[in-house]
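Coming up, as structure tokens: structure 1 and structure 2, two forms of one and the same protein chain.
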Structure 1
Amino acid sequence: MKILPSLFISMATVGMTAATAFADTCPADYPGGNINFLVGFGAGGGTDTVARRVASDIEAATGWTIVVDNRPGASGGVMARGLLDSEADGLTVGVVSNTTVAINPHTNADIGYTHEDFAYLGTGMVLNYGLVALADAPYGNLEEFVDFAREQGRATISVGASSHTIAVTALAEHFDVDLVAVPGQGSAAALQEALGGHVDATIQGAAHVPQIEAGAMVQLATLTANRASYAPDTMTAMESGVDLSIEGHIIFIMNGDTPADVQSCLADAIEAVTSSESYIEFLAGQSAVPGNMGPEGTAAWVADASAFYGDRLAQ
């Protein structure tokens, strides 16, 4: 076991400051080859963008080589299942969303895994989900949207993930109004449905923020516990009395049989780069906020989320 002095030298060279120093957990011969970041979603999305930034920052800090490879399918499920068949040598890291580990096992009986099968290294970003509509729609907040749905008999909401559908159901039940979730092939497709006027609203994480900034869209409600920085005047669903708070996390996972010292080594590397000033500035540019929960915190959060969604989906 050894501390890798080059980590600290490289970190200083690229101008990064870590909240916690790399611990003396990396095996002396690690990694001994390329590390693969397998992204469970397509190129260009939020998960891919964060994975590539974290990989790049770790490379700059350590001199390691990290190859990012996109393996989309089943909301990260295809990649996650394959991860369990990979060698538990610490050279393969999965980058997924909470849908992958907390929801997929409840919605797909053939997915081949549960959230307990993985080792969790930490999280890279928190998304403030919001209910969003075109700026010229005849409603500008949640109350007006609900009134519109009542007057019209129903309202349609495009969604890109199972958690979004659950949010639509919760809103419909709370306000006793007919809200129809319209599934799309991911959030990007759901956003296009709304921009094209094919639905009355959509649920989004961050892709809609440029549209808000351009004045083309408005956030009707924020669906996380705290108001979004890009829509500070928009109330949360909880402030409107709805018992609903969903948030999105980008999560780093490994084969659960990976040696503990390798897990700790990578978790420390992820913690260092995600707590750096440059990374926080990067997230601000993505209209997202940092929030690495660490290995134990991530595992506990995923377990709670799995229980929450399992209960909701069983209803």
Structure 2
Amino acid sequence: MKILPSLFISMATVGMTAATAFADTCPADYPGGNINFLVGFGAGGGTDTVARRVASDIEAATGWTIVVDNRPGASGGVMARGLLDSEADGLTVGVVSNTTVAINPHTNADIGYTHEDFAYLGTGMVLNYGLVALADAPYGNLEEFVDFAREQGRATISVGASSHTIAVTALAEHFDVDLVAVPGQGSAAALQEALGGHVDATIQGAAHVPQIEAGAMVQLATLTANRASYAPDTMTAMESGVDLSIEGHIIFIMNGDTPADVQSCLADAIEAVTSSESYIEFLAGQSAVPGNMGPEGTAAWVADASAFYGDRLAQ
């Protein structure tokens, strides 16, 4: 099993690599028209919200016109495949999640692309996945949860995405206990089932934070490489000895044939937004951070994540 590289790319070095590695400078005549942000998910979701916020911040900073449109379908796959047919003029940007580029090509025979077909401009938000349960459950951490599952014979965990199912399988394998992933229609539905006590725990990316702050839920384990700011006492899965770290990113991509200097225009603009105070504050309202890995960092992270999921899914 592989550890995702997020551990090795700390937030501080990311900004530097983004700034120094991108020697290409943006051509003076860019953009020369409207820029299109195509969101691979429906209106109102987390990816959509981030895309629209970043677009409006870039507009304010540069005076460019950015049209944001939703092209949902197959976890961003429909949009991503369409992106490869679009002109490589740097005016069409896809806004996707790690599922689109790192998982879809492994699970989906008709997808028609791999993560290598795209140019990566950066990332806009990190989702800190955590394993959470009701506060009044008879377990308060991962160890107790595993003991509970062993006593009961099994435990159920509601999940909202395929990467979460992979995490459940990894936990079950490590502790040699029967953990059942209960697939829901998105993470809100998964959260609802956990709150109603219909499942024993759930894996969540963001919506559980207000529940934890309200004292309704506890984080049993943090599934990212580092501990979560809202649950500093909860150990990560890796600290508990599980070789598992998943995290989610909202990723900005382009047709891979786009010239490097044109790519740098938006990569720099995105970098400027994600390091701005107002944007960081905006995400802080959702207990999240931008965690922009920059063009090269993102490409490297996606390559590693793709290898990780490909490996897990092949089993």
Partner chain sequence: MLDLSLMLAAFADVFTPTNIMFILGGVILGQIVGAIPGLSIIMALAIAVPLTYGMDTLAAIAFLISVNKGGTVGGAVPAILLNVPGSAESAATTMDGHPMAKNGKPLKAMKYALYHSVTGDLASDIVLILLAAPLAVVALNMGPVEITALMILAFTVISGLVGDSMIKGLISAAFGILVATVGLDPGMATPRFTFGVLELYDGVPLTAVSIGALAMSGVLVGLLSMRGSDQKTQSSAISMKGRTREQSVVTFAEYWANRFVAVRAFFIGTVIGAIPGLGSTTAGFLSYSVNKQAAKDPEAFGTGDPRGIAASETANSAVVGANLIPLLTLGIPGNIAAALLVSAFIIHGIQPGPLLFEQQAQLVYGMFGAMLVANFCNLGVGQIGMRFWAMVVSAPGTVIYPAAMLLCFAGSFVITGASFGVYVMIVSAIFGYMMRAFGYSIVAFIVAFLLTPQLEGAVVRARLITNDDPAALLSHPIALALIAMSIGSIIYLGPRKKKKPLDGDLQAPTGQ
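Bear in mind the structure is a predicted one, so any value in this text is a computation, not a measurement. Rigid core: the largest C-alpha set superposing within 1.5 Å between the two forms. For numbering, take structure 1's sequence and count from 1.
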Which one here is the form predicted in complex with its partner chain? 2
If you line up the core, does residue 238 shift 2 angstroms or more at its C-alpha between structure 1 and structure 2? no
Post core alignment: residue 86 C-alpha displaced by 2 Å or more between structure 1 and structure 2: yes
Residue 267 C-alpha relocation of at least 2 Å between structure 1 and structure 2, rigid core basis: no
In Å, the rigid core superposition gives a C-alpha shift for residue 258 between structure 1 and structure 2 of 2.8
